[in-house]
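Quick heads-up: it's one chain on its own, the form predicted alone, in structure tokens.
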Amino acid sequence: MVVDGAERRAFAEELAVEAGELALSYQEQGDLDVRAKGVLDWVTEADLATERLIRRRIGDAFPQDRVLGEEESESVPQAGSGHATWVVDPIDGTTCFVSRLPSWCVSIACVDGGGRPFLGVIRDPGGAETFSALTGHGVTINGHDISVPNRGITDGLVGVGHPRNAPDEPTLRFLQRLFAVDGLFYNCGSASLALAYVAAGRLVGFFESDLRAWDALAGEVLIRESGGWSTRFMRDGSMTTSKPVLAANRGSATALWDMAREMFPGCAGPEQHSAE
């Protein structure tokens, strides 16, 4: 299926800003209606309203497309079905959102009919920043092209997420290995935003042992278009299973891969990047 990437990118950027403003308006009102999905795993009226807005806008603009969202997930095709699919998280970092911390974002990705993510837009409403990438067209922040320096793992911070509903051991093992080489870690509370920071050169890498498609796909496109490296979330053709994710700029990729490669059986490492 041929998709009109430039049109979708412009649409997604505008939609992410609109969705972010809606979510921010709920946060500013106070007294949010919050429902627990698990331990420190919450959904708010803002999540639901923002996802409904995103779905409505996509349905109006691209009625032939499908949508996979965190709050109102639906059956989506496997890779190769011929359908384009939007993958959205209306508020990634809901715990931070509820706690009135700035580390949350709107994440929008688009996957073509062959299972290849080709568009990623992440909007940080608090910072008024839109990170955007389209395959073959690089990365922008608020419309400005960026050039990302390559830095080693001791030249900056490595983002590390801690999934609530997965074993602790992979995260602890990764942190032990990072500490052994004098690395430092940062957890901003939003995997999507952390991946955007890797693409922007603010973090040298990111690891989380268990992510969903709506947390990972937009950031993957951003990082690859920035010249960095990321494991491919769609490596098994599925959007609906959770997976570990590792990403880095080119200067840190090999070292971080060496710390985590056994957690990614069958996944191509950075040394195989050019052949993927």
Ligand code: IPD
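These numbers were taken from a predicted model, which means no experiment stands behind them. Numbers for residues come from their place in the sequence shown, where the first is 1.
One more form of this protein exists, namely the form predicted together with the named molecule; it is left out here, but the text below deals with it.
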query: Location of the named molecule contact in the predicted bound form, chosen stretch of 229 to 237, 203 to 211, 57 to 65, 242 to 250 [non-hydrogen atom, 4.5 Å]; finding: 203 to 211
query: 119, 144 and 225 each touching the named molecule in the predicted bound form (heavy atom, 4.5 Å); finding: no
query: Candidate from 162, 83, 151, 173 lying within 4.5 Å of the named molecule in the predicted bound form - any heavy atom; finding: 162
query: Position in contact with the named molecule when the complex is considered in the predicted bound form, options 189, 113, 102, 138, heavy atoms within 4.5 Å; finding: 189
query: is_contact(residue 94, the named molecule) in the predicted bound form, heavy atom dist at most 4.5 Å; finding: yes
query: Partner contact for residue 70 in the predicted bound form: the named molecule, 4.5 angstroms, heavy atom; finding: yes
